[in-house]
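Heads up, what comes next is one protein chain in two forms, each shown on its own as structure tokens, labelled structure 1 and structure 2.
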Structure 1
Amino acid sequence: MGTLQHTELASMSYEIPELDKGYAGQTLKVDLGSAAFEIKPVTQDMKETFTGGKGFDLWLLWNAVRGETKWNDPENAVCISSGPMGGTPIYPGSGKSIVTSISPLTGSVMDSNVGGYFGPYLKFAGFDALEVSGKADGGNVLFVDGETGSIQLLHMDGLPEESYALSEALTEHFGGKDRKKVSVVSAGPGAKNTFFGCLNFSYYDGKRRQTRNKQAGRGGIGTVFEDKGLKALVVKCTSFSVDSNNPADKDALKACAKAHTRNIVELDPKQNQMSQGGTTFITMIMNDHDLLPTHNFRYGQHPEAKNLGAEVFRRLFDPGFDGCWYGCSVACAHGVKGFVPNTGPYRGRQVFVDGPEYETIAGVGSNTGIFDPYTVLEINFYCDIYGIDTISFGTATAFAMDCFDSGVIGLQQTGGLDLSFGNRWSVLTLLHQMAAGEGFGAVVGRGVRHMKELFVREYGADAKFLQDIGMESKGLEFSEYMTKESLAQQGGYGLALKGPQHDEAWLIFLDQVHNLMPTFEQKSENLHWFPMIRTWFGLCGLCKLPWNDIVPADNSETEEPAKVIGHMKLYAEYFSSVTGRQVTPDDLVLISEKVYNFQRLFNLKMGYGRRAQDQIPYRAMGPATVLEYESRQDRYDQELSDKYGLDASGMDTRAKLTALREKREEQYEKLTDAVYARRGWTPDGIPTLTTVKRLGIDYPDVVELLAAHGVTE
């Protein structure tokens, strides 16, 4: 251990268990308020019903909180878990962790997935999940030492404020010469002073001899972390191998891992080239299809978008084969070496920037009207080290800029900041203000929903207009895809459990570009299957990129190419070989349905989870302003005449806007009906008792919850 000064608040020793078929068989609960530890067994029912990862997190959180619990109450917990396949060092994308908590943005349960080493290392140290509740005075560091079987809660002074530097310092302190064995979770000052704080999960980059970080960005879990007085979570593990998970059938595991790895290695260089450019290739594809959010989701295209394309960032990235977990052949975790910020505490100093990925480029770049890649890098860097989610930062800032552009707010409200779209200096100032909890940055840092309420209450803004252009649902800011022309993706966002994040369903191309699901039945079927299968990855400790961002060479010849069934078969073999539960690809849907519906019920428990919460702002459905309508007038006029039989020739733009809106809102409601029916939910969006029983999640408190909402069948 290094020389950083610390005071031990509590400690305990434990016996490190042998893992069995992907499970350590126990979870660790830490109460910061009483400085107490508790080791709890993982039951067979937990494994069969919740599988692991997000499922375990949800179960622990469900039992930790009441329906009245607020995000900053001591009983709220930050839960972290990987999953039974998490930590497999030979299968691509097997190092994910899922974090859950009650969100400051939504007031309900939030989940966020992240790479880095923490979740797998935690399991190898002996725990399938970690649950941290209670509150401390600040500066607390939890250290789980999987080499010696000891847990310490420490108070440490003098640690760096910013997350990157903190990860580096703690990795050195606890790792010594074995820094690869350490992973750190931390947030930062921006997480403390906004509602959309993120968590950085570290991993040690041996080639560059520095810690790297991946972000659990969505929903403000970093804010909860800071509010608890946590400075960092640190785990250290021993050496590990493919045997560490003690898989049920190692030969079968090796076979499917080899087959999937071969596909990635052979096909990624031919397809998306993520090992060279990460997800940056998406930017120009989105722009060409009118799907890249620009100027607060007004439009989907911009002539300067090429400045943010893959060709630019591939030149900036430090070359290397950069995976965020061992054995991942996708290797998409790129970064920029020697970047020199123009502003803030690191002004003029060379830094390493982890990223950017597509979401950051679109969020802090095109959506705010910034098309300078170096500014995107600078915002990316400061968001990360301050512990701020780049997606919510981008969408919330874009909303503030839209309000500035529309005259809803002016220089008086922004404290003199000119928030015109594209003003990079103002955006950077706003970001530094957020980290300090000062100025107009502190206002934007509370999120779009808070800004809408404030601007109406304090500045007399038109509530209906702000509802139309404020890109949030359930309190969470939209991630960075335009959905105006894809009804299915409107559902993909609006009907998602935690809010508008694309990790549940990304159906834009299937729907809008290829028109492969023209009917409500087809859309609803896909809004069942895709969210379920995507949920499954989060239960197992897996990244979904190897599934369908790289597809087998013969994929187009399969019956349903979108499902990439060739890879789904490998995943079923992977699950079977590790856990010993023999499954088919269809079984994976059922595995996920249990957890998916449980999360919906969790929302209900917290006072949400009904149809009223599944609404989305109109700008996600269609043109919210005359300007937007007229920018794509031919498209909209044609829809009015061809699809709805309306003669638009005698109508002015405002009348056409109203007519189109009526039709599109009607479509969204019909889609909602169809999806609820397919998922086995009531017309109000609540899982029926029949559904709950079919899935085996009819626990007494669940049945009681349903009955309290009049659901008895």
Structure 2
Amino acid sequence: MGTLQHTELASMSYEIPELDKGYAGQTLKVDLGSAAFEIKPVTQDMKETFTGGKGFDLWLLWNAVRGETKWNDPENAVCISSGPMGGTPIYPGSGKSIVTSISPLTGSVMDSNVGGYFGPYLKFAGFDALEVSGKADGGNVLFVDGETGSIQLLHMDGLPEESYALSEALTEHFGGKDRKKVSVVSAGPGAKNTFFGCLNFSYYDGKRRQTRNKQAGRGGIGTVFEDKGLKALVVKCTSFSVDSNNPADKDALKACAKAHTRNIVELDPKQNQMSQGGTTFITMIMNDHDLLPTHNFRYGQHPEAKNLGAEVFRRLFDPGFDGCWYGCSVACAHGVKGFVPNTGPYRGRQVFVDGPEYETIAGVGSNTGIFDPYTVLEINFYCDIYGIDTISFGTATAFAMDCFDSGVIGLQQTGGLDLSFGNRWSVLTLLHQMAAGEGFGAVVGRGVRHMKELFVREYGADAKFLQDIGMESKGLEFSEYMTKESLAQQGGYGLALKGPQHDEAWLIFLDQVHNLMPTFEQKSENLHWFPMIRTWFGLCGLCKLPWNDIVPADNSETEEPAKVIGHMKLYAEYFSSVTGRQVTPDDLVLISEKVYNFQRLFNLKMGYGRRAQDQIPYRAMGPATVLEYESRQDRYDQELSDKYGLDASGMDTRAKLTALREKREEQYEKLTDAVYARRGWTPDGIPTLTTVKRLGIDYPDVVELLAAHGVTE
């Protein structure tokens, strides 16, 4: 691409601050509608209460929106922050950013974590967080230059539509000969034309001499981004080192970083081999334990699953030690070089595919009945360049296929597309339609909740049946774990603040694979503890993979193996060494409780955040159809007999289905009660005033919000 032309809409100069204990001490607000910039201070209360990352995002967004704000209102903001430990180039997994906005899918607050360089580079350029609100006509690029201390809002014509080509062009334009200094955030045409648009965060791969991308996928924040008329965000960063965060105790930081890195380098080859295959190892573990979502979460395994396993993808991945941030010894950011798509605008051309990760493999693969790795790669590639979340795409498409298979919709409704499970050509066609906002793809691109309402209203579908099989909660499509047999993961999905996404409470492994929480009490306790730890990673700019995907050799001998306490001690030392706040692993839970409860209150502000929104479709709890029951009949019959004392021998399948449903729904409600009580919430799922005061988040508008919902104690 030749030299890009632009028109400057607004600009300002600023003084790049010296970071202090992980903080730049200021945030940047950009109003696209008025082309105005505002630099705001980070207060001590912000640091102590919200820490950074998702916490800063939530605070900025809380003050930007009203309870009535819709996702496409100008005041809705896209907020991006890393955290005080983000950007550490010697500690594994320290390059995360968190993006937050009001979601098109849920109508409430959404957060999504992502790798790549943008969040750390933004901080090194002088800003702990970026808040973008307002709307422009389109084609706008925000450029934060951390070398010269300048900010520009530019209008740029002639830029590529697809996200990868756009990232490449802007990296070349703003980076020149040193492209490693530039990171780009962009969406794509699919984000514009669906409700589950994702954002691509770039980083420059010096070995391959190309720009690569990681995705902030969940909840449609890419759709908000496109609706604002944004083409891209670009940040340029000067050189940096372990000194750049100006840690409180650099020697202590180096010591814990060395210990954790050595642990990973020694143990990853013996455990999950993530440096060779990323998260692809999960596929066969899930299949072997009957937990791999297949045919819209009907089943948990398939005889062709091995075609989507780690052995296949390790052969396809381009060799190399690949990380999405400097110094990460997990190095799981793999990709496929020289892949040639069979469809779409890149048909017959060699491309580089970033991924796939497990969630994509299961979502667009097994859940839609596709067990061809090359088709999974093609879908992965086009979802990324179009700016479409692979998880929501896979789950929404699988729901449409289930409706087609069940006779709810037919060829007339799909525009002639045969949406039988496993029809890869129809799935690819659907994807290209989504990107263009055309055909039945435009319908599926609105998400499962929208399809349920449409199919009932327009086609006379059975609302109860669609509610049972439509795998969404709070409006967000389920990520890719089959939870019928895991009460803990059912709670992990249903009680998650933003909807059924595993990054808040990924308990399926601990519950079903490792059997580390066999009792009801352990499940409810972990549904308090685990989300707090996962929240803490999102506050600090960290990836969770170095915590519990690679564990110390003696972890099984510890009192609570699920907590991986050996690594938690290192993280407490890491936090203390950077921020100067001396903490223990237990203190990390308290740090997170402040933000976690604040986010629940944010949901309440937006009209959600109560027990009614914490329900999940029955297929997430148990067999929703006779076919599903009969696929595991021996297991379910034994459960009715041994656990509930019911003689199933004289019952037909439908009667057994009904009896099992009653018991499993009771268990879910009992679990909900226990978790609410453990978290200090009312029986309706609202944090009590006592809890809010204990955590120091009893701001006047929070107390007023609680009082409006009858919570005064």
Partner chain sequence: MITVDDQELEWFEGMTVTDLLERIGHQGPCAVVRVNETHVSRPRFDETPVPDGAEVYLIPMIAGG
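Basically, rigid core = biggest C-alpha set you can superpose within 1.5 Å across the two forms. By convention here, residues take numbers in order along the sequence of structure 1, the first being 1. Since this is a predicted model, take the numbers as computed values, not measurements.
Colleague: Is the form predicted in complex with the partner chain shown as structure 1 or as structure 2?
Modeller: Looking at both, the form predicted in complex with the partner chain is number 1.
Colleague: Does Glu521 move appreciably between structure 1 and structure 2, meaning a CA displacement of 2 Å or more on the superposed rigid core?
Modeller: It does shift by 2 Å or more.
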